[in-house]
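The structure tokens that follow cover one protein chain in two forms, given apart as structure 1 and structure 2.
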Structure 1
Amino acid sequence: MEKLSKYLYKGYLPTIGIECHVQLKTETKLFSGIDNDARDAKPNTLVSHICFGLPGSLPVLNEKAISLAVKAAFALNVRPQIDSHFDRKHYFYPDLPKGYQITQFEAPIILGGNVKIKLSDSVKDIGITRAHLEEDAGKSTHKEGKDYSLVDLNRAGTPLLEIVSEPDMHSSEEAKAYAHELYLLMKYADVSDANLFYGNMRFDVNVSVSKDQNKLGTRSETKNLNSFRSVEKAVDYEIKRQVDLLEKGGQIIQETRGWNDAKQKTFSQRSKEEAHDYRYFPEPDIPPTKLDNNFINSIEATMPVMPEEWRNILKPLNLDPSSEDLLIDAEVEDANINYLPVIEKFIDSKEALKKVTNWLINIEIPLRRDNPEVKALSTKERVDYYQKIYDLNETGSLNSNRAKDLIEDILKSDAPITDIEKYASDKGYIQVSDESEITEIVRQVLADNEKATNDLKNGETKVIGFLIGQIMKQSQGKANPAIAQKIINQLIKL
């Protein structure tokens, strides 16, 4: 059983649960054929009679949303429910023209599951209570200093999957790690674009504190957090705020709070409603959903390799945690570039696997981050390039420094390269291994550096590095350093 004493703050145990709204990657809305991508659309242009809830309008369920919810279930390590249905959740707000939201309350499409999070000193499973499909509301904009609000209904009807965690987290580190891992799961499973800037994933964080470890305190809910850092900071702030209030004899009220990122603090918005306040009842216009096992199994068969599986593949490399995280994160930063499938192609050769992984971490990923205009290459192209570069490096034709320069040159090249060895030779990357040619360069360097040469003759072997550097400089990096050192030893008779 987990020791909770390590989480205590001034004798209080914090408990955290997170509700995450994930915008599903469909072309159209959940119940209408209207475009689901409102990023660049003018306000109130992606709407229909269904979005407005006009009399006589009937919703039609988007099958793609069901498929993506099934994928999300497998990403959360659980099978979806065979039977689910939609309900009406009633509340009155300017951005909800129907006066109710269509959601799943009594019978959600996902029950259970878990998310494994990696912490600084351990790993931990965070339980999933449920995940349900629902339509989004519109967006209200409250202009500072104005006595009116603007309503944009472009988002109304957008398909969401609300993922509700168990209250298994007890620190801001765990909350941040959970939010980040959930992001990776949804991206890897291709359930959502998961772009936090555009609100494709939004986190509602519930925090309570209690001196009794067997009893939860009164919780606050901080809504619409759109970064992992804001999740972390909001949790820290709420724990301190609630404990300080209780220590002063105050009382925590159950409420909805917002997050002011500029001030790094939460603020009260409204009292929190209970389920009965919403007057839920079954949605009469949408039949219950019943999934076929063949349908579920066909989606399970197409599930990609997920983050935890990749971590197991990478484990034999003994990468430091930051390098492993870099690879796992980079895989979903650019939909056009895959790194892990490249690594997988070298899995049967330990040395090649290590070297190519190192090149990806230290050369290609930083290069692409700093130069977004660098063209996308297919996995096959990059595997072929890396294999040839590795072969040239192993045979001594290409040293490590020149390999780095060659990789950067290839990635920045506008035209495809059909013959890597010829390209490397034409660009002057191939090392000179002709002993007679290197001997002439060595003789010249020894003559030009008389003091270092005499020091070497007198047993000061540390100057060999300096002399090799001079040889590489004179040969413009082309001399094979191993052969150069062998010739030095021969000429000096070490």
Structure 2
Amino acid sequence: MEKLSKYLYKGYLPTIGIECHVQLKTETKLFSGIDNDARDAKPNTLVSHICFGLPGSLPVLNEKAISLAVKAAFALNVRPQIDSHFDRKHYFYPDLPKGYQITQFEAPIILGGNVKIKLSDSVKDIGITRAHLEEDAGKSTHKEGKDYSLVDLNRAGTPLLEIVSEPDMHSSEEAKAYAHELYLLMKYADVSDANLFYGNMRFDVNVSVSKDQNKLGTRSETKNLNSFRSVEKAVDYEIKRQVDLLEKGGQIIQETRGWNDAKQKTFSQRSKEEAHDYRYFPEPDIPPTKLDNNFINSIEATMPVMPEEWRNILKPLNLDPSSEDLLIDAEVEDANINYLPVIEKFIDSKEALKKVTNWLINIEIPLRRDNPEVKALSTKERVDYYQKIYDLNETGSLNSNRAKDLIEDILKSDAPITDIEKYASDKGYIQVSDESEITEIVRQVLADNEKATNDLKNGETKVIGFLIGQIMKQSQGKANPAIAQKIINQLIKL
């Protein structure tokens, strides 16, 4: 049993469940062959008679939505349901053209599953109740001071997967971690673009508080949160609001609330009494879905390495948690750039792996975040580059600072750098290890710095640092300092 006492706020146990709408990464809408990417489209340009709900129009299910839902099932750690079907959910609203939404009510494609969330001091499983496919509604705008609203149906019919969690969370930290982990899962499984800015993932949080840990309190549902931070803040706000209200002798009503990001407050939208009777019934226009086990298995076989597995792979490196998170997050920031497969390539040599991981975390990832225009590299290109840089560094001809310069050059260069060694040498990044060349410089420096040379001869070894510095300066940084030191020792005969 989980220790619940740590979650108590003024003696109340908060309980949180989250519903998340994930926009699926398809070319076309859920039920019509119309472009699904409404981001830069003019209003009502991406619409068909089906999106408009015209008389006589019929939905035809997009197979990609089914295969993405199957992927999502595996990402949620469960096999999809063999049998599922769509239902109609009825309510009237101008952004809902047919007067009903096609969704899965009775037999969703996903039942069960779990998400492992990472907390500051532990890992916790959050149960998944169900996940179902449904169509999105249109978008409406309400201009200030006008007595009308405008409806754009470009988004109507976009495929969504609504993922419903169990009420397994008890703090805003857990809620935020769950939302973030869900984001990673959908990204890694390539189920969604999961772009929160464009509303590709929208969270509804159900929060209740109770003094009796065996009984749930009345819950509020705060809808349409579109950032991890707003999930965290809305949960915090609701816990506090509800506890304060109860402490003052008030009562929580079951209601839908919205989130005002500017004020960092939730506000009441409508109460349960006004809730609709949705009159669900099975959609007669779409035959049921019956998944074939071979089909399910073939999708399972293509599942990529998921964040949890990556964390296990990274474990032996003992990265600090923030570096690990950085890597796991960075992996899915751009579909064309993959860091983790690079790490996998170096997995057999712990030394190399440590260095390369370090370069990724401290050089390449920050550089890419600051310079989005930096071009992508394939995994093979990246592995080859890092292998060569590692080898140069290992043999001593490239010091760590120069390695950093070299990595930055490679990333920023317009044309690909094919011969790394020649490039580094032309750029003067390669350290001089030729003893006769260095001996020449050492002689010169010793002659130019008579006092220091004498001090050294008298046993004042602390001036060595100064002399090496002069040698590096003379050689424009190219001299290998270890070799320079050796030559000083030889010449002074220490």
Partner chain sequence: MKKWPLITTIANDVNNSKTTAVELVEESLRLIDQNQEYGAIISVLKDKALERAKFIDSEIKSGKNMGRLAGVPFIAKDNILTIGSETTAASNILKGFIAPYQSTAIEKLESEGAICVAKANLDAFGHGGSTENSDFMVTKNPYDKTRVAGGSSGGSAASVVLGLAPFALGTDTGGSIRQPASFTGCIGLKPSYGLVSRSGVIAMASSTDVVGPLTANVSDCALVLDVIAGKDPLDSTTIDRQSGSYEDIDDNIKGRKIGLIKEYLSDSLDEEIKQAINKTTLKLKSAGAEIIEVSIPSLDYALAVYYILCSAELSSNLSRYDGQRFGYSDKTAVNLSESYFKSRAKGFGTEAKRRIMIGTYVLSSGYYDAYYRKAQLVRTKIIQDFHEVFKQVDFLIGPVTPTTAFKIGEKSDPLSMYLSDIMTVGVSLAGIPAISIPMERENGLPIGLQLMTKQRKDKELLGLARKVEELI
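Here the structure is a predicted model, which means the values were calculated and not measured. Residues are numbered by position in structure 1's sequence, first residue being 1. The term rigid core refers to the maximal set of C-alpha atoms that superpose within 1.5 Å between the two forms.
Engineer: For this pair of chain forms, which number matches the form predicted alone?
Structural biologist: It is the first structure (the form predicted alone) rather than the second.
Engineer: My question is whether L456 is one of the residues whose C-alpha shifts by 2 Å or more between structure 1 and structure 2, given a fit on the rigid core.
Structural biologist: For L456, whose C-alpha is compared between structure 1 and structure 2 after core superposition, the shift is 2 Å or more.
Engineer: So, superposing on the core, is the move of I441 at the CA at least 2 angstroms between structure 1 and structure 2?
Structural biologist: Yes, its C-alpha moves 2 Å or more.
Engineer: Given a core-based superposition, decide whether the C-alpha of V70 shifts by 2 Å or more between structure 1 and structure 2.
Structural biologist: After core superposition, the displacement of the V70 C-alpha between structure 1 and structure 2 stays below 2 Å, so no.
Engineer: Please give the CA displacement of G465 between structure 1 and structure 2, in Å, after core superposition.
Structural biologist: Here the C-alpha difference is 4.2 Å.
Engineer: Once both forms share the same rigid core frame, by what distance in Å has the CA of I487 shifted between structure 1 and structure 2?
Structural biologist: With the cores aligned, its C-alpha sits 3.3 Å away.
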